[in-house]
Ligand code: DHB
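Shown here is one chain on its own, the form predicted alone, set out as structure tokens.
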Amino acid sequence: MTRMENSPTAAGSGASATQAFRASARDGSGSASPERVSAVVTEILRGVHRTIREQQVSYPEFQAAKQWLIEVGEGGEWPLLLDVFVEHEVEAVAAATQQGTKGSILGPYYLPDAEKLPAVTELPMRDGEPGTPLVFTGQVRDVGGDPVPGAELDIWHADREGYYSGFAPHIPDGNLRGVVVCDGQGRFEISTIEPAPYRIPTDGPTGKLIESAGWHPWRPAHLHLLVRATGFRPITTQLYFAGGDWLDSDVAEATKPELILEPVPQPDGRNRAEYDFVLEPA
């Protein structure tokens, strides 16, 4: 297969992300009061109205925007669009009142119910999985510095070509995904490969927006993690790689300096990166 044949389409990614979102049913959905709905929607509309006035939006531009919004819905791209362009601000608001490890966006490529794995483990991967071998180690602690025994790291990432299992047709299900259960001291050691940067799918209306605006569609290489334990607030975050491409111009604006790994080459040819997570009480 060629790279284009392997690449997930925007519609396919949107459909998979929608299905995964519904399956995971993240906490807080549907809990807003009528007062909050009114307040938030009113401010959103005020922002739209202000932009129309300030930018002197014409009827042809308005009609083009309306057609684009219709295409986003018909193409199933709302999860992609919201995760890339909106979620980082929602996460920033949440982070203002939270302690512990810095969070980041979930993104559209999470899949629930990954395989449970022991504290010292290798992520499921293909025979001869291409890429630079990586050993990712660390400890999960509480805000007082005590270890959190049995904490779980739900981890997933792209392969060396920037593809995610479950979203690209040539990648086996579950590839480079797993739920790692830490040991009695909250420690973990995960063997995997370093992921590559990737382009968000650009064959649909989201891609048309990016092209029309003269933006680029790239995200820097990263590991996705959900870190959780009973009695603690779960953390959704991403860890990036020092010196990587697109760190300073992430299309999703989700990078943070506190979330950058600095892998160290080892004599056995693997890179080793360490990162400790801190959970706050629920």
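Numbering starts at 1 and follows the sequence shown. All of these numbers come straight from a predicted model, not from anything done at the bench.
Another form exists, predicted together with the ligand; not displayed. Remarks below refer to it.
Contact check for residue 138: no non-hydrogen atom falls within 4.5 Å of the ligand in the predicted complex. Using a 4.5 angstroms limit between non-hydrogen atoms, residue 91 is distant from the ligand in the predicted complex. Residue contact check for residue 125: none of its heavy atoms lie within 4.5 Å of the ligand in the predicted complex.
Among heavy atoms of residue 107, some come within 4.5 Å of the ligand in the predicted complex.
Proximity of 148, 188 and 228 to the ligand in the predicted complex is absent: no residue of the three has a non-hydrogen atom within 4.5 angstroms. Screening 152, 83, 194, 142 for any heavy atom within 4.5 Å of the ligand in the predicted complex leaves a single hit, 83. Comment: 218-226 is the region of 60-68, 45-53, 241-249, 218-226 lying near the ligand in the predicted complex, near meaning a non-hydrogen atom within 4.5 Å. Residues of 187-201 that come within 4.5 Å of the ligand in the predicted complex, judged by any heavy atom, are 198, 200 in sequence order.
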